[in-house]
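The chain that follows stands alone, in the form predicted alone, written as structure tokens.
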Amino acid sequence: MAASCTTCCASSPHNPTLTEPCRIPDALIDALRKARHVCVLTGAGISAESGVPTFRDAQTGLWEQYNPQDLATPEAFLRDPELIWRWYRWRRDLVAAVEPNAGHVALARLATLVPRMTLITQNVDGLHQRAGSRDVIEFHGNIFTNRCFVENCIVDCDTSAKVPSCPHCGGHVRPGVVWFGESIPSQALNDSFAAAADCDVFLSIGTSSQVFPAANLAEIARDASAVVVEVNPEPTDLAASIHFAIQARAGAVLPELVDSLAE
């Protein structure tokens, strides 16, 4: 089932890896041309190419003494909401300073070349939307939105306060991201699983395929007979059981893939 390619594009069914640079396989382009529905899942890797630190990257400066996983929990917010807001303002500034890369732009263009595309992201940075993508399913929320901690709804509020307050109930406001120990929003979860089960081609881009339940999506698509493709600088555990594993940066291979599809 798997297609493969080394730097010289030699084929081997036992090594489903296409390394950068490499010609996009005709079979993959053909599958995209025939697809009525393409589903895309992106992870931290595509944003890292824009300069967004991955969540597990070492903290810098003031934050070196903190473990990110100890800050991204409801319990941490209850203990010290001011500290959590200081950290998230720092992260918001980091994200605001970067731009979408060629991979983000290529995915926005891909949506114009296929009958239907569902874009699901594990990232919270909004770079897909800034690149022109619409109706993005944000699996883990968005770092620039604000959510009432009490009522669990998105709110518009003054974020200049050390701990912003909800304009409706007066409770604390938190960043609008999904923290450790919290469930994925039901609509995002249901829409993502439905898209994976319905698509003809599934692209897994820049994700480790180790964070669940997002990691289940490629398996759902594969079990539904979709053509499954991984784009990642390092092959994941998913690579050996899918149709194409492209060992490359999203910003390098996605523009080439979209150009080939548009020809």
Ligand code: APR
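The first residue of the sequence shown is number 1, and the count goes up from there. Keep in mind that this is a model prediction, so the values were computed, not measured.
Keep in mind that the form predicted together with this ligand is missing from the display, and what follows is about it.
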Note to self: Quick check for you: of 154-162, 120-128, 106-114, 185-193, which stretch puts a non-hydrogen atom within 4.5 Å of this ligand in the model of the complex?
What the structure shows: 120-128
Item checked: Contact residue in the model of the complex, from R147, H140, R86, R92 (heavy atom within 4.5 Å of this ligand) -> H140
Note to self: Is A31 near this ligand? Define near as a heavy atom within 4.5 Å, in the model of the complex.
What the structure shows: no
Check: Could you tell me if A197 has a non-hydrogen atom within 4.5 Å of this ligand in the model of the complex?
Finding: no
Note to self: Check A248 for me: does it contact this ligand in the model of the complex (non-hydrogen atoms, 4.5 angstroms)?
What the structure shows: yes
Checklist line | Distance check, A35 to this ligand in the model of the complex, heavy atom within 4.5 Å | finding: no
Check: What residues of 37-52, in sequence order, lie within 4.5 Å of this ligand in the model of the complex by heavy atom?
Finding: G43, A44, G45, A48, E49
